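Have a look below at one chain only, the form predicted alone, in structure tokens format.
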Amino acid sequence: MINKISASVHEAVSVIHDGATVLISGFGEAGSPIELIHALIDHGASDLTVVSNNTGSGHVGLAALIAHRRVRKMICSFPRTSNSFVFPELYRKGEIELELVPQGTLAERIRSGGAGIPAFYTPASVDTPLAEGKEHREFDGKKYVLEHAIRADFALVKCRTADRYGNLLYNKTARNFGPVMCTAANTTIVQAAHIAQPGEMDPEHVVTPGIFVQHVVHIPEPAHESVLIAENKKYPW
């Protein structure tokens, strides 16, 4: 009988190795897998390339992973937000790399990676510094830039509900990057607030099929990034 439930977050992330490329879901705090990221800090993997919408906030979650010097390079759309302090400081010091990608392009690069499409053309960055050094082509009189798909060794994703087969449901906007990241990773590790019993999940409602998920961890009361920041928390506690 298939059962992808892991005993703990630490067991689930123990497969992540030094030098890995890791997709991390989230749009701000919505969909950010805080517990998995903190377990990754405890695990100790380093020299990581992380692909995410932003670079985290405060000193928790992704920001804490960066603060512990575990991330060599960030690929993201928003390297600085209202509560992001860690990444901007390290970047100004030249201690971390950045690949800046427009948000729609980032989502499509990940989706393409999951769909087996190696590259695509987009007008998003034409005539900007982000297009420098990239192949250009013209279609119907309009210029486009070639962007390559993103695939990763691992994905860390937060969902609302999962079953033992790895089928996933998300909570509203927390759905954001999770579904495409699951398809674009060799190994997908998910934290779920609720574990559904067999037959409880309507197949017509499943967003991510279990074939794209390898490990599920039950986190019944996941942390909220904004609450941790308001309490001036720093990980490790």
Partner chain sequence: MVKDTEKTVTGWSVQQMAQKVAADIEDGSYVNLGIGIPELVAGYVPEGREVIYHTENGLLGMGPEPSQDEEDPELINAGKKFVTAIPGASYFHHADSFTMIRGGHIDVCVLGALQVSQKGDLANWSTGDEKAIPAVGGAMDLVAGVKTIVVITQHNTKTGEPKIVKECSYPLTGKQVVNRIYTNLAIMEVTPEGLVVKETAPGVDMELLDQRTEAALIDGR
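Quick caveat, the model's predicted, so the values are computed rather than measured. Residue numbers count along the first chain shown, from 1.
Separately, the form predicted in complex with its partner chain exists; it is not shown, and the next lines address it.
Against its partner chain in the model of the complex, the set Phe154, Ala230 and Pro236 makes no contact: no member has a heavy atom within 4.5 Å. Shown alone here, Val101 lies within 4.5 Å of its partner chain in the model of the complex, counting heavy atoms only.
Using a 4.5 Å cutoff between non-hydrogen atoms, Gly44 does not count as a contact of its partner chain in the model of the complex. Of the heavy atoms in Ile211, some are within 4.5 Å of its partner chain in the model of the complex. By the criterion of a heavy atom within 4.5 Å, Ala67 is excluded from the residues contacting its partner chain in the model of the complex.
Contacts between stretch 195-212 and its partner chain, counted in the model of the complex as any heavy atom lying within 4.5 Å, involve Pro198, Gly199, Pro203, Glu204, Val206, Pro209, Gly210, Ile211, Phe212, listed in sequence order.
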